[in-house]
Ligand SMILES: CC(C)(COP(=O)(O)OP(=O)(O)OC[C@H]1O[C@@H](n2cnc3c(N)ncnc32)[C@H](O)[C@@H]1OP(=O)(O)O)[C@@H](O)C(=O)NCCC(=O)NCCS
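We begin with a single chain expressed as structure tokens, specifically the form predicted on its own.
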């Protein structure tokens, strides 16, 4: 059975990467990471991402963690300053699936941090949370994010694109998936594809 409440606090570590919960003292680093054109282009983050946006972001992250509905972890090396973020949300306990996301600050890219962090969280979701299907939503023009998805074993599905509206207008996101070693019902997965495609759950 998939856990209904996600653990808090949580630390995941491997290959020099430490994923940890956000802290109030991370505010300046968070603003530095998210007030960046590529982040605004590919995500629905506020732009510019100022101090007010940062305070609100950390508040929502803390609330989501305390409620046990969302994993929102800072990417660090050795538990130090945040270099990015990886998250897990939208858990469907019946279908044993959830969505993941990741971002890395501009000055910290091309070091394998996104792939390493996504692999850590994906492994945790499959082994500890017993999720059978992990999802990513990626703009097809975001080639860097697609490369990370492929490196971590995610594959493109045939599901209809999902509309996302951000600071630069609407975009269509493709769905990528990783099936873990905890098989869910194939029928349930097919029903879920139909539900996303036609806008309802079956």
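What you see is a predicted model, and the numbers here were worked out from it, not measured in a lab. Positions refer to the first chain, counted from 1.
The following text describes the form predicted in complex with the named molecule, which does not appear among the structures shown.
- Contact with the named molecule in the predicted complex, defined as a heavy atom within 4.5 Å, holds for exactly one of 42, 154, 49, 57, namely 42.
- Residue 113 is the only one of 74, 71, 113, 125 with a heavy atom lying within 4.5 Å of the named molecule in the predicted complex.
- Within this chain, residue 121 is remote from the site of the named molecule in the predicted complex, having no heavy atom within 4.5 Å.
- Using a 4.5 angstroms threshold between heavy atoms, residue 144 counts as touching the named molecule in the predicted complex.
- When the named molecule is considered in the predicted complex, residue 135 lies well away from it, no heavy atom lying within 4.5 Å.
- Contact annotation for residue 32: none of its heavy atoms lies within 4.5 Å of the named molecule in the predicted complex.
- Taken together, 102, 109 and 148 are fully in contact with the named molecule in the predicted complex: each brings a heavy atom within 4.5 Å.
- Across the options 155-163, 23-31, 60-68, 135-143, residues that bring heavy atoms within 4.5 Å of the named molecule in the predicted complex belong to 135-143.
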